[in-house]
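Read the single chain below, which is given as structure tokens and is the form predicted on its own.
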């Protein structure tokens, strides 16, 4: 498998300024995929300088021209779809069946959406007093820093690059040290389809070094960060120097509510996807399963059978349904929550450990895990970020709303009911940025994605994202020569 291993700065693949490198591991067996350059402060500086030089020409390019390049990039990714899927699966542990059917098509669709939107971002004419014309322009912010996590690097790269580049900004992207490979391939494809040097720069490296320097850099005018709430607070602190704009998509603790009138088979399948897709490594995962007390036993009977049947294995195997977690460190963190559950008196109904299969012992695997717990327990309050779901029960709408809103997060939530009135009532009462009714984890480039409270602020995708990558400029014109200045003479 051909992989890029260097940093991408000013249209070229280059070594780190200090020559530093880092190993990228395959989470299936912890073998070394390869060594890649490790970016540091000097590399971030070089990338920001390149983006600053490229900005005027990219800003002034016809919007349709920027859009056409994004459309060409989408076509190039689609042509390289098999390679992109294999690269992403090898690097992240995400099964090929998912990278092929979901990640690559969603990535292509996102670039096409924003490629088409580039020349459709409009300003406004404001109705003001007679004799004046007031219009508002939407202008790109400038150099944007983007920090992308390790759980969906391919897809999240498109969520960030698409609107930022379509709106006329230039970008310095910091990819995770764990999963940089698909983004470096995107940079290669962007270069090949004609993106000007400096418009897109990719510096993979450690957050405490490269990420911190990017967040604090005075030449960066906006930071878009996806990651943990703890790190998000550090990004806020680092950004204060030049008051750069922020967009933060942080953690979540999704409440997935099943009422007694739900279509139980559909809710079982949807709830399993909500927590076990990508090994539960998703900020929007339905990690709190809230069951109406009348259907608890019926639901769990089917849910546990389904969870126990999930096939763990090498993500490159076509029949694998759940792969490894992305790193040994994270696997150990998820397993520590199984210990916490036991200490809190929770009952582990399924899993709670690494798989027994000797073929998987060298990798970062955790069994699908289902525990019963009380809403105030740590496993119901803290983000585990793995194939780990807590189960609690409720009696009525008021109680489940209190439970659902009873964490510091507010990113995504799910609701299963066949009662239309209840669905709309609950949609208004649950504090969350996104709510799925009789489905879970649906995303689309046109629909805003993001949260409230401890889950951050700002939105990915849709017109919300395009506007967030621009600054409004209000222009006033005196169109009536008879109107005197403020101090007439």
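Numbering follows the first chain given and starts at 1. No experiment lies behind these values; they were computed from the predicted model shown.
Another form exists, predicted in complex with a small molecule; not displayed. Remarks below refer to it.
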| property | result |
| --- | --- |
| In the predicted bound form, residue 252 touching the small molecule (heavy atom, 4.5 Å) | yes |
| is_contact(residue 267, the small molecule) in the predicted bound form, heavy atom dist at most 4.5 Å | no |
| Contact flag, residue 156 vs the small molecule in the predicted bound form, heavy atom cut 4.5 Å | yes |
| 4.5 Å heavy atom contact, residue 175 to the small molecule in the predicted bound form | yes |
| Heavy atom of each of 148, 212 and 226 within 4.5 Å of the small molecule in the predicted bound form | yes |
| One stretch from 396-404, 377-385, 194-202, 341-349 that, in the predicted bound form, holds residues within 4.5 Å of the small molecule by heavy atom | 377-385 |
| The small molecule: the contacting residue among 143, 290, 235, 187 in the predicted bound form [heavy atom, 4.5 Å] | 235 |
| Among the candidates 231, 100, 314, 392, the residue which, in the predicted bound form, approaches the small molecule to within 4.5 Å (heavy atoms) | 231 |
